[in-house]
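Just so you know, structure 1 and structure 2 below are the same protein chain in two forms, each on its own as structure tokens.
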Structure 1
Amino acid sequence: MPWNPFVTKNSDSFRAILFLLPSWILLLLFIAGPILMTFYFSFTNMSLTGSAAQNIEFIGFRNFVKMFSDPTFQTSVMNTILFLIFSAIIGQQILGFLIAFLMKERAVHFRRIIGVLVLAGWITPEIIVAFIWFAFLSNEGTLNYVLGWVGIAPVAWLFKFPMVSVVVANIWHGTAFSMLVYQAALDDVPKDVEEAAKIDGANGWQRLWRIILPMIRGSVMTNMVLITLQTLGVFTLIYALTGGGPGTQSETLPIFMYDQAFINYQLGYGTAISLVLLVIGIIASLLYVKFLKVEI
């Protein structure tokens, strides 16, 4: 029988589909399925109790109209964006890179000591991180106790500066992840390229800006996407530390969504809020890809 390239190509394609079929089914069940269900429930009056819990009705865009006319939702969106920018994009990103850069080519024992100290914050559960920072920032906490040694009156940090408090706590908790990403990326930068630039007269800042950063651009984009999605979902840390207050000063979208879905029993409204959170994550990720000009 003569060799037929088309028959061979079709057979290979069929075998490839068979091998990929289990992963496609898993993706549909555990990734696409919940997203589609969230999308549907956001257009319903689904409730945690009452008649709407048993007889779910399609109510169109009513949840979204209610949401966008709610001043608390607008405040939550602004708080979420501020929390994301200062704790993840600026805080974790820059601090993680600086620690990784300063540890580059240092002695192994020095890198291990610093690495363990930073990783301690990352491996600590979010609820424990909240209690640690509550003990540090509360009225009778460690910070006020130390300030009392130099005659400074106690400050109600969690009441006067709630957003700053949760931002600092999240930076402490999440910086280690960025540090690990940048450590791996910086170790992959060829030393001979840096040495050649140094011989050509490039100073430290020029080598960092023109050689190192462009070469690790893909890692920067990956890290920004991951810490953004992680930060958008932070709930326990803020809820245990400030409860979203005082008032709505530190209320982010996850806190607002929890209040509406499980305190006010409006599950349909809560899923509509979660859909907005998902859209913010997608928009942020697309912006990173565009500005960093990374091919995916």
Structure 2
Amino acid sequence: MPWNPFVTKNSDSFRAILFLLPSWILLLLFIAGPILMTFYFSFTNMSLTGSAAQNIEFIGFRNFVKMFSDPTFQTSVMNTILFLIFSAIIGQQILGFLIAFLMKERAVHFRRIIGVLVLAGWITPEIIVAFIWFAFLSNEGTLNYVLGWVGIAPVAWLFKFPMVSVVVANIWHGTAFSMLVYQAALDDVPKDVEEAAKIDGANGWQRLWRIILPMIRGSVMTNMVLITLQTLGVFTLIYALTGGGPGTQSETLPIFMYDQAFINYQLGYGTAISLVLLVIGIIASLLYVKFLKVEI
């Protein structure tokens, strides 16, 4: 950084604080505050109705004992893990890379058209994504219609395979992000390194595994953490598409948290579930800061 007349003077610290103050207030009140509250309220019996709505009591680990013995919690943890693995890590990550990789040397106009189609799924608002996939997968929907051409009887996809349905819809919605990340990363791989490997006789697979992937592993890790965080927070898509059902078959942690806090009015219990989500998020977010090698 070149010479800066404002670095050393005391008045400049003051001015800097003045500039930073609005963001500090907003972040403390609305983000840091609720995070701290999570740690407190998850140990209370706070409720929206009844006596516990008036007198909030500290109940120790009772919410957590209840949670870990709740079969719905166990189901939603399993579903959250499946959702993360199949829709984010396998689905979006691999499909996004595949699209970016295959597009690398294609004609510009072709790239643009395919890129726009993939991006359309991404910029479509989540609630609309849910409607679109509801239509696509429902009994009288397009998928069953198309399968009817080859003589396959209609399948109630959303009821028979609710997890597969939400996974597919989320891949459709989220893949563009990974595609954009990998397009940017692949553009940064120096052409001459790849050319040299080609001349030395490396085939396509070898170039991919030995040259390209090691060179973009920073992006792979960052993208992995980011899409994990995004997917962990998915509520709207599942809520509107299957509602977590049938039964609890597609219930994930955010849906379970919502049900307990806002349907059963058990805010304390709901907060305990948020704490679990939050801790997973905090770990993933710390990994993200660690992988993102920033120069500040």
Partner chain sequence: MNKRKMRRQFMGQTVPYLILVFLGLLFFVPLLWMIFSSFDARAGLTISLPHEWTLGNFASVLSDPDIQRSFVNGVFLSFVSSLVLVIVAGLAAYPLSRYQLRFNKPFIFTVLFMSGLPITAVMVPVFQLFLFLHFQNSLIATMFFLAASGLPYGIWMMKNFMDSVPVSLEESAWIDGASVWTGLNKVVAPLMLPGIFTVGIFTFTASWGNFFVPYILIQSPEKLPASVTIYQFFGQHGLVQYGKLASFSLIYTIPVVVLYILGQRFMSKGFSFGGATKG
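Residue numbering: structure 1 sequence, from 1. Take the two forms, find the largest set of C-alpha atoms that superpose within 1.5 Å, and that set is the rigid core. All values derive from a computational prediction rather than experimental measurement.
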- Look at both copies of the chain and name the one that is the form predicted together with the partner chain. 2
- Item | Core-superposed comparison between structures 1 and 2, I263 Cα displacement 2 Å or beyond | no
- Query: Under a superposition restricted to the rigid core, does G148 display a Cα displacement of 2 angstroms or more between structures 1 and 2?
  - Reply: yes
- Message: Taking 2 Å as the cut-off, check whether the CA of V65 shifts that much or more between structures 1 and 2 after a rigid core fit.
- Response: no
- Query: L278: how big is its Cα shift between structures 1 and 2, in Å, with the core superposed?
  - Reply: 2.3
- Task: Please state the CA displacement of L21 between structures 1 and 2 in angstrom, with both forms fitted on the core.
- Result: 8.4
- What is the Cα shift of I31 between structures 1 and 2 once the core is superposed, in angstrom? 4.2
